[in-house]
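So this first bit is one chain, no partners, the form predicted on its own, shown in structure tokens.
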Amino acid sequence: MPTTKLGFIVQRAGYKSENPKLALTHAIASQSVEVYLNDGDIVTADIAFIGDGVLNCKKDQKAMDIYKLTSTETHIKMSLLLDLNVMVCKEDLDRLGMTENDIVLDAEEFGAELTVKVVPFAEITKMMEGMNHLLFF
């Protein structure tokens, strides 16, 4: 029963860029590939926001109001709904003067049980070391 582990690393800020949403969309889509797999094979996806990429996690985004674009906030909530592991780098939040109160932490309104994890970069590095494939956005 092989497991293929995919890691999506978002390291750039969002608005006016599809980069973070592409990472999240690809991670979400990875959960639907099982139709192409052998019985018992699975694909897992972890998503980590590092560097200026942590700005994508800001809550109460107004992307639709300002740019007529869906927000990254909604994509993060969809990831949680699909039980994807979403991590945010603690050191980068600190560097940008942000706290856990400033970012999307859950998607209770959609019924998601998982929450975003704010973790030290060392934990994100450990996650990256365990992946079969890493994609940087």
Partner chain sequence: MKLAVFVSDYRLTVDTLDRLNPEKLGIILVQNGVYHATTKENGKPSSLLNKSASYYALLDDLETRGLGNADVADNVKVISYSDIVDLIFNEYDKTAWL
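Numbering follows the first chain given and starts at 1. Everything numeric here is computed off the predicted structure, so don't read it as measured data.
Although it is not shown, the form predicted together with its partner chain is what the next lines describe.
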Quick one: of A48, L55, V104, A45, which gets a non-hydrogen atom within 4.5 angstroms of its partner chain in the model of the complex? L55
Name the single residue among L81, M87, I28, A63 that comes within 4.5 Å of its partner chain in the model of the complex, judging by heavy atoms. A63
Looking in the model of the complex, any heavy atom of V33 within 4.5 Å of its partner chain? no
Give a yes or no for F110: in the model of the complex, does one of its heavy atoms lie within 4.5 Å of a heavy atom belonging to its partner chain? no
Just checking whether L37 would be counted as a contact of its partner chain in the model of the complex - the rule being heavy atoms within 4.5 angstroms. no
Is there any non-hydrogen atom of L114 lying within 4.5 Å of its partner chain in the model of the complex? no
What are the residues of 89-118, in order along the chain, with a heavy atom within 4.5 Å of its partner chain in the model of the complex? R95, L96, G97
